[in-house]
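Listed next as structure tokens is one chain, alone, in the form predicted alone.
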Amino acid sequence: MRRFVVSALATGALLAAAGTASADDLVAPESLARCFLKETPSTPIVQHAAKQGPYKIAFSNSYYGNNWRTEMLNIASAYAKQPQVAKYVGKFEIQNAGNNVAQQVAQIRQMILARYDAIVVNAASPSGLDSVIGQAVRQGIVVVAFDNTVTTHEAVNVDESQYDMGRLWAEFLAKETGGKGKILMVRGLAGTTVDNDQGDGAMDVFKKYPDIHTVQVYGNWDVGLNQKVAADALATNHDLAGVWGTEGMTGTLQAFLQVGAQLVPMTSESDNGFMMLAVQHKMPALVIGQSPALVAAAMRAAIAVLAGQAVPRDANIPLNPVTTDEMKAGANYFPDQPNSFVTNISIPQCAIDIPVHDVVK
């Protein structure tokens, strides 16, 4: 999902490209190609006969209850109302299944009966919805899954590469440390696909550097637990050269500050609190996060397929790394928002631009 460190010049070029994309029609092939990247060179393309709009689009969400999901749901509502999107959307509905597979299956069945043109899904189970998704597709309904994607090949999957996130974080630390030293890895929830993919991406980099050694702890993507496990690690590791971390890294950075440890280069997902502290303390950092605006990308993919355009069956959305010197208050982090605010609310390569006031309600 991305390049390694984006220079000021590269950032300017990216914003220029995004400006061009935003002027494009929502279903223009060139703009779609910038947004939806094939997961692999052999990933199949999905394309159907164009259907007359405006379209009825439903969103079946599996879970509601954390900050990322709250922002994601607000972004979905806001994106459907933006003028370039609204002209394609005759009706848009959101339903939440409470992370209950049976409830989500029943929800999608009702959407089929209501004759929606497309169903966007954040799935409660990778395979538990396969049957009902098949029913929808056989009724001519376009199904696009994102974030928690699905195993059935009848749906379009839209996501960001967790492997590439882990790899890019590790490449950043390898450069910052000169390829040597002890790296504390503050991982997420052990055994999950996301944590495995991020960890695999990191270790494929670190194993190239024989003078890099890793110490691994698990913080379950929780700020409080991250702070505890980092503090415990600092008690026995006084020679850390860097910290590889994911979600909840505000807690890890707070642990360093609490014990007065020397700050070292760190990585994180798009935690507002982490970014504010990194800027305040001028600490080298690389931030890359799973964007809650993925829902908007999934909605755009559904509209594109309904309009007869081609998208990859498994699509990766480009990542947007941000280093400390690129962190700008009010642009990619927000001092007037809580530490828990997820900052990457727009995806420039997809011409998805969501104002903060539409995300915070």
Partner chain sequence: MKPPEAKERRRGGVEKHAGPLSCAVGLVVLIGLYAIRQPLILSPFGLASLANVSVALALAAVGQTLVLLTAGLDLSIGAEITLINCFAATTMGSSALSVASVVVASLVIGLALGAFNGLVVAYGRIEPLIGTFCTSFIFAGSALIILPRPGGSVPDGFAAALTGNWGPLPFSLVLLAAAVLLVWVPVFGSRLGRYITAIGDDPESARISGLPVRRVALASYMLAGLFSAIAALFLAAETTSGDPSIGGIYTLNSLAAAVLGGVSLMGGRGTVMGPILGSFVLSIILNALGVFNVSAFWQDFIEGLILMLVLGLGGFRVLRAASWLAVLRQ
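Numbering follows the first chain given and starts at 1. No experiment lies behind these values; they were computed from the predicted model shown.
The protein also exists as the form predicted together with the partner chain; that form is not presented, and the subsequent description refers to it.
Peer 1: Quick one: Y64, S125 and D130 and the partner chain in the predicted bound form, is every residue within 4.5 Å by at least one heavy atom?
Peer 2: Checking in the predicted bound form: Y64, S125 and D130 are all within 4.5 Å of the partner chain.
Peer 1: Here the chain is shown alone; which of Q258, T193, Q262, N237 has a heavy atom within 4.5 Å of the partner chain in the predicted bound form?
Peer 2: The option sitting close enough to the partner is T193.
Peer 1: Sort through I183, L73, M276, A174 and report the residue having a heavy atom within 4.5 Å of the partner chain in the predicted bound form.
Peer 2: Checked against the cut-off, the match is L73.
Peer 1: Report whether the minimum heavy atom distance between E93 and the partner chain in the predicted bound form is within 4.5 Å.
Peer 2: Result yes; E93 sits at the interface with the partner chain in the predicted bound form.
Peer 1: I'd like to know if A86 sits close to the partner chain in the predicted bound form, meaning any non-hydrogen atom pair within 4.5 angstroms.
Peer 2: Result no; A86 lies far from the partner chain in the predicted bound form.
Peer 1: Should K207 be classed as touching the partner chain in the predicted bound form when contacts are defined as heavy atoms within 4.5 Å?
Peer 2: No, K207 is distant from the partner.
Peer 1: Can you work out whether Q103 and the partner chain are in contact in the predicted bound form, taking contact to mean some heavy atom pair no more than 4.5 Å apart?
Peer 2: Answer yes; at least one heavy atom of Q103 falls within 4.5 Å of the partner chain in the predicted bound form.
Peer 1: Looking at 155-163, 174-182, 207-215, 193-201, which one sits within 4.5 Å of the partner chain in the predicted bound form if you count heavy atoms only?
Peer 2: Comparing against the partner chain in the predicted bound form, the contact stretch is 193-201.
Peer 1: Which residues, if any, of 337-361 lie within 4.5 Å of the partner chain in the predicted bound form when only heavy atoms count?
Peer 2: Residues within 4.5 Å: none in this stretch.
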